[in-house]
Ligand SMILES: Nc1ncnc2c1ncn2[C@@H]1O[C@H](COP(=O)(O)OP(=O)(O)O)[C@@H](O)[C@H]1O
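Below, in structure tokens: the form predicted on its own, a single chain.
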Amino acid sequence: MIVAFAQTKGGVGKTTLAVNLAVERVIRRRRDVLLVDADEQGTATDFACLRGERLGSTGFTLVQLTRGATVRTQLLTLKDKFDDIVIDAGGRDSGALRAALTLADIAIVPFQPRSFDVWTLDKVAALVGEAKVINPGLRAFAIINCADPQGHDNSAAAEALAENTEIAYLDSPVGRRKAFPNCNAIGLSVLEASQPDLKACRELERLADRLDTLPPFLSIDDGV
């Protein structure tokens, strides 16, 4: 399975979700995972370096590919060598993001429950639509990340995301929890913390489980 975390807006927690999902695939599912850092900021690479220094081994393979042509050619070569590939695509409309969408089985598009974030949905949907010309099996799902503990913003964002016809809404929100940045800073997943945040762990596991149980080639009309 190839999963691309895609957005045209930075600061939505895309890299945090990507690295945590990559580790989850390794420690819960015993999968051979390739993590692709396709973001010019290189945050996923920094995470992997911290992880390697702390644990002696990341547990996954990391490649840094930020040029669109390179992303496509290299992944076409590598895709059959790994059980799962997780791509952290840059937080803008880039060649690397577009290339990732032409190869992914699933695109996860995270949004924070804020109007300015949700307004970017149409931009990402346009990219997904273009990618489907080359990759008709691509399934794209919007999720709420950094969800508020309470209040109307979460439900309002969910309603707005559910209205899009190109990207389905996946009801698997991830809360705004300190455990994620705290663990990122030392190269660990929230699943590996010495005193795990159980809510953060459950949310990550639920998202991962949902991805694994999606029917193949699910259409938007079928729902999630």
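Please read these numbers as outputs of a predicted model, since none were measured by experiment. Throughout, we count residues from 1 along the sequence that is shown.
There is another form of this protein, the form predicted together with this ligand, and it is not shown here; the text below is about that form.
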Candidate stretches 73-81, 138-146, 98-106, 121-129, one within 4.5 Å of this ligand in the model of the complex by heavy atom: 138-146
In the model of the complex, residue 181 touching this ligand (heavy atom, 4.5 Å): yes
Partner proximity in the model of the complex: residue 176 to this ligand, non-hydrogen atom cutoff 4.5 Å: yes
Contact flag, residue 25 vs this ligand in the model of the complex, heavy atom cut 4.5 Å: no
Residue 12: touches this ligand in the model of the complex, heavy atom cutoff 4.5 angstroms: yes
